[in-house]
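In the form predicted alone, a lone chain appears below as structure tokens.
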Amino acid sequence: MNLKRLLMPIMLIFVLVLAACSGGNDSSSDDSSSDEGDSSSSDKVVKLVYARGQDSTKATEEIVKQFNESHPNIQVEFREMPSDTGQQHDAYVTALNAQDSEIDVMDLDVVWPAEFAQAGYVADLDRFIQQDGINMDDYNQGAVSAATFNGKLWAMPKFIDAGMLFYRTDLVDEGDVPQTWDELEKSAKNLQGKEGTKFGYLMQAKQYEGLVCNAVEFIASYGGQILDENGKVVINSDDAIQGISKLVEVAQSDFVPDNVNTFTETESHTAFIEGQSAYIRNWPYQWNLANDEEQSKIVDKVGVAPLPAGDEGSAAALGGWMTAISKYSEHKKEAWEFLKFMTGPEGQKISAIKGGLAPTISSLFDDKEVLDANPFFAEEGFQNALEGAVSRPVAPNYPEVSEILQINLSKAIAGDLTPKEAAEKMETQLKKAMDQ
């Protein structure tokens, strides 16, 4: 028998088996099983779902519109999540735990990326960034750091936030803007009822993440901390208790709404643009909203300044949002195209102009169109507020830490605990949560 003739069919079968096994992909690469989606047909339209919290501005609508127009083969549907960040977080976790692939792209609070990366909820973005030559040095490095976990980038910085004081310029002269919390209390009380106002001051005091941000600002302005730089629980200190006491004092005052413990950003910014208050503590987007002629009754009557100081100066909670791709998205390649557009110069410029959101790309602060829409970006008050920004507690189990803070701070505002009792309970519960 001819040996060559005998071996040829065997070799052919062997080659075909190898080809079938390889499938044209390296199965050992991270996320490779469904990363790129099916883009084999240039005529196929891929539909993506982008989820983020409630957007009271026109920024998200415009970003999606411009992207869809410039990418006919990728069409994005915006899915609005709850405005309450805690509810957003829980909704994402529930869906991702079930490996739900419906949401492709999602916004994450600045304190979530490490948690979501560790849980395996989001896709590693490093290879996309390298593939498209994205220079991360162009972005705010604090925001980049917050999006990084175990040496990899899991989200792209979208915008940065810092708590600020917005005031009615028809009620408050620039030289009379309160410099301390004591001055704010006095001014808010005196201005309540003037020019049709109902309140003197608005804040976010509902039991949710916004309350933690407000508390961080009060506590830090009096020199206190929740966790120190080594992660040690230090909230039961005289300085921290003083900050909590001032928070409670303001929240229980007659110049804030009686139901201030139900106020998130949405309730507070709505009351402010309706002309109901002289002052509000909020994020930078408040400026754009207050000057939107279709919604606001106080157009061209708003100023911005750093939050009032305690004994140790002014402090603003550092906030901001990132955007990530779901680990379970079936169209990661297309999702990256949308993510790249939204968090790149084009998308961030739209967010700044239409939404009043402070960019994470530093060069946009010099963009004329951005500054025309947000002149306060160039103001000393805005820049000083950013400089005074402090982070929320840095912890791998941040949701648990935040819940402990929210519950006990809410009880203090309700009068069920004294500020000292609240600090003691938070110390005990946080130490247990942090294994200290």
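Predicted model, so just to flag it, every value in this text is computed and none were measured. Quick note: we count residues from 1 along the sequence shown, nothing fancier.
Although it is not shown, the form predicted in complex with alpha-D-glucopyranose (GLC) is what the next lines describe.
Contact with alpha-D-glucopyranose (GLC), judged by heavy atoms within 4.5 Å in the predicted bound form, is confined among 125-133, 108-116, 290-298, 235-243 to 108-116.
Using a 4.5 Å cut-off to alpha-D-glucopyranose (GLC) in the predicted bound form, each of 209, 283 and 320 places a heavy atom inside that distance. For the options 334, 265, 104, 217, the one in contact with alpha-D-glucopyranose (GLC) in the predicted bound form, meaning a heavy atom within 4.5 Å, is 265.
A heavy atom within 4.5 Å of alpha-D-glucopyranose (GLC) in the predicted bound form is found for exactly one of 326, 360, 187, 85: 85. Of the heavy atoms in residue 316, none are within 4.5 Å of alpha-D-glucopyranose (GLC) in the predicted bound form.
For the chain shown alone, residue 247 is not a contact residue for alpha-D-glucopyranose (GLC) in the predicted bound form, no non-hydrogen atom being within 4.5 angstroms. Mapping the unseen interface onto this chain, residue 213 counts among the residues with a heavy atom inside 4.5 Å of alpha-D-glucopyranose (GLC) in the predicted bound form.
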